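First, one chain by itself in structure tokens, the form predicted alone.
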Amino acid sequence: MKRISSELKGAKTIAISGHVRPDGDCVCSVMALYHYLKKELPEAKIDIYLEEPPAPLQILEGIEEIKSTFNTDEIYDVFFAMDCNDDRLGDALPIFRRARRRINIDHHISNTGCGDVNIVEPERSSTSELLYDLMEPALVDAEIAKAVYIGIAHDTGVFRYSNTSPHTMQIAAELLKFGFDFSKLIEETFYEKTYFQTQIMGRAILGSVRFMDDRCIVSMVSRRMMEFYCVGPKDLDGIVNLLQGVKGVECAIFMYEIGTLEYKVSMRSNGLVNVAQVAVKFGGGGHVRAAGCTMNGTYHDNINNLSKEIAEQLERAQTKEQE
């Protein structure tokens, strides 16, 4: 595999960005790349454009360098789009399009490649894992290692999801050699919740409904509920994973209201449903077992539309089981 350095000859200005509503893997791959490029190209100007990261990830060194306003006319020599296709870059998209060279690094199966150079490997657990293999080992330090480790841990559900491979674990073992407190990092960035986050989680679980012979479960949080509990979209992380853990459930759906008749949808699968395939039908994407999209319509209409796609896959899976 080629190293990143082979794509950076002559680069004086570099921009890095990721997807809207950045999650752990997105933020960590962006920050790991930032620290790496600072060592690889110490004379280059390197800017990060990203929406404000979730509060737990503020512990990452250099996080204050992120620019969450995108009002620049600069034309960068190189632009890195991390953990997404260009349709999810949000306000960073015009900067990406103006860049002289665009590099797309991602692991989502729905990504068709949007750069002059596309490094898209869906078999990877995370963009952070893929990025690690693109780095010169001699330049990886403790801060880069921490960012990569957290990114991998977040996108594998702390090494529980099926996207965790032997190679993933090998990389994790290499990273632990840097001696950081991995247990504390996971606790603070993945498990720890505020009081109000636990309140809205409890409300979402209490309001959940099972259907399709209890093989699917769904819950929704409205804007009014979010206002009542003083929470925002970033405080809803983890709810869909709790729904997924209900015994007997094959597919979990969680959605929250983002506008009038507009919902952000997250889906998780325990194996029989390819939720990425479902999400793509509605303009979204993701992984086989974890995907999402944005849908317009009433809550019940959206559930009905999703249910049709999910039911077809469950029926096919059931037929295979009976053969």
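Start at 1 and count along the sequence shown; that's the residue number. Only a predicted model underlies this, so the values are computations on that prediction, with no experimental measurement involved.
The form predicted in complex with adenosine monophosphate (AMP) exists for this protein as well; it is not shown, and the discussion that follows is about that form.
Across the options 286-294, 46-54, 64-72, 31-39, residues that bring heavy atoms within 4.5 Å of adenosine monophosphate (AMP) in the predicted bound form belong to 286-294. With a 4.5 Å cutoff on heavy atoms, Ser269 does not count as touching adenosine monophosphate (AMP) in the predicted bound form; it lies far away. When contacts are judged by a 4.5 Å heavy atom cut-off, His108 counts as touching adenosine monophosphate (AMP) in the predicted bound form. Proximity of Arg102 to adenosine monophosphate (AMP) in the predicted bound form: non-hydrogen atoms within 4.5 Å are absent; the residue sits far from the partner. Within this chain, Lys146 is remote from the site of adenosine monophosphate (AMP) in the predicted bound form, having no heavy atom within 4.5 Å.
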